[in-house]
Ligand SMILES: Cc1ncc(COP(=O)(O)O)c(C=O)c1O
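Quick setup: one chain, the form predicted alone, written in structure tokens, and binding and motion questions come after.
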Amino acid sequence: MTSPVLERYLERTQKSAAAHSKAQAVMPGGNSRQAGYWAPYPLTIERAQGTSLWDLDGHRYLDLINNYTAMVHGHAYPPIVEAVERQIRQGTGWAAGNPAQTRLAGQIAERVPSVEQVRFTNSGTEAGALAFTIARVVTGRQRLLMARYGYHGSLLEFECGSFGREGPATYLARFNDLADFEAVLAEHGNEIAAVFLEPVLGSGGVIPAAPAFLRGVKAAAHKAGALFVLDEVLTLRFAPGGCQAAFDISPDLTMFGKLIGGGFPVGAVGGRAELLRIFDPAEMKVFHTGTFNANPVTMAAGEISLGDLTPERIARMETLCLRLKEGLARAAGKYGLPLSVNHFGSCLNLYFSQTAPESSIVREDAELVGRFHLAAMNHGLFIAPRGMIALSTVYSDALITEVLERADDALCDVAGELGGTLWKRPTADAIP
């Protein structure tokens, strides 16, 4: 069966198709980031401002993923642009300290209760690698335990677990299943340096952990002599002190990234001073460096991004996200489409099924969510291919209304394809 949704996407994105073809000649698959690819080819974005993106063909999209939650204040946020422009004129990096890194580290330590000191990297993946290094040095062990389908970056030890597979250094247990984690720790605890957990599965489908589960895993990890590492790379956006403050749990180490860079590459590990002392030149046990670690441009942007993420803005995003969730559910019901929505704070994940699966990795609606993804872009909505949405602080009630109107059109197109033809919109009298 032909797909009008696909045909429309191909027709309206011809310059993106040509750009992708050129990219394939010089990059494997035409990209350097799997999350930025989807079939038949991804858009090529030319510019971004606020809540909007523009592709090479001149189409505007409302950005509903915000670079997978990193752009918490939208694109080209004026206070960040001003801070970065000032810093660039003063230099972009040198092999010495800079005042901005001290200020940003202080902000993080002030906001997040468990953090006494911070060590910066250039990505969340690097933060995960560094946290694992700390745990191995402190404990003398070489393995980790994480949730099946969790995500802590593209380090091999974490990546196998993201796809539900154990590896030579990686044990897995079921998310939100304390007994399963306790069983693995009881059997293999003397091998495990650290337990890594997200307080809300992001890549796994926006699934929150039960606070009692997190506290129980921490206790079991400590009983086994392992560290407990909380990955707040994504979840720092949900509360001023991250989910650990909201859930009342104090990890040994915390991973940070995304929003603390204000749109620039960043990562960090925070924790107790006694654990991070291994990097202190006075008694160094691990040599850790990086040309762009804590570079002044990223630090200047991060200061603004974190400082402007106020409790009021966090609450406002959550309110708008709840309105979006309810509106999408009503629209799907109108067209007879099954829809379940995982929602936490300012993020949600769509599933075209009666119930959400254990993870986005093991879903049965892949074809249907793929159709909706293309249909959404045809109507000017930019969401993650897996149906994830993350709002920014610059969204408003009026923009959410516009999003729901465009989403209604996209859902109508998808429902029409399931019926064999592109539906016409029901009249007002026909809408229940």
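Treat the numbers as computed from the prediction; the structure is a model and nothing was measured. For every residue, the number given is its place in the sequence shown, counted from 1.
The form predicted together with the ligand is left out here; the points below concern that form.
Using a 4.5 angstroms threshold between heavy atoms, Met146 stays clear of the ligand in the predicted bound form.
Using a 4.5 angstroms limit between non-hydrogen atoms, Phe120 is distant from the ligand in the predicted bound form. By the criterion of a heavy atom within 4.5 Å, Gly270 is excluded from the residues contacting the ligand in the predicted bound form. Using a 4.5 angstroms limit between non-hydrogen atoms, Glu198 touches the ligand in the predicted bound form.
Note on the partner interface in the predicted bound form: the residue among Ser162, Asn293, Thr125, Thr133 having a heavy atom within 4.5 angstroms of the ligand is Thr125.
In summary, among the residues Val72, Ala226, Leu350, Met255, the only one with a non-hydrogen atom within 4.5 Å of the ligand in the predicted bound form is Met255.
Of the candidate stretches 233-241, 328-336, 313-321, 277-285, only 233-241 has residues whose heavy atoms lie within 4.5 Å of the ligand in the predicted bound form. Although the ligand is not shown here, in the predicted bound form the stretch 131-160 places heavy atoms of Tyr151, His152, Gly153 within 4.5 Å of it, in sequence order.
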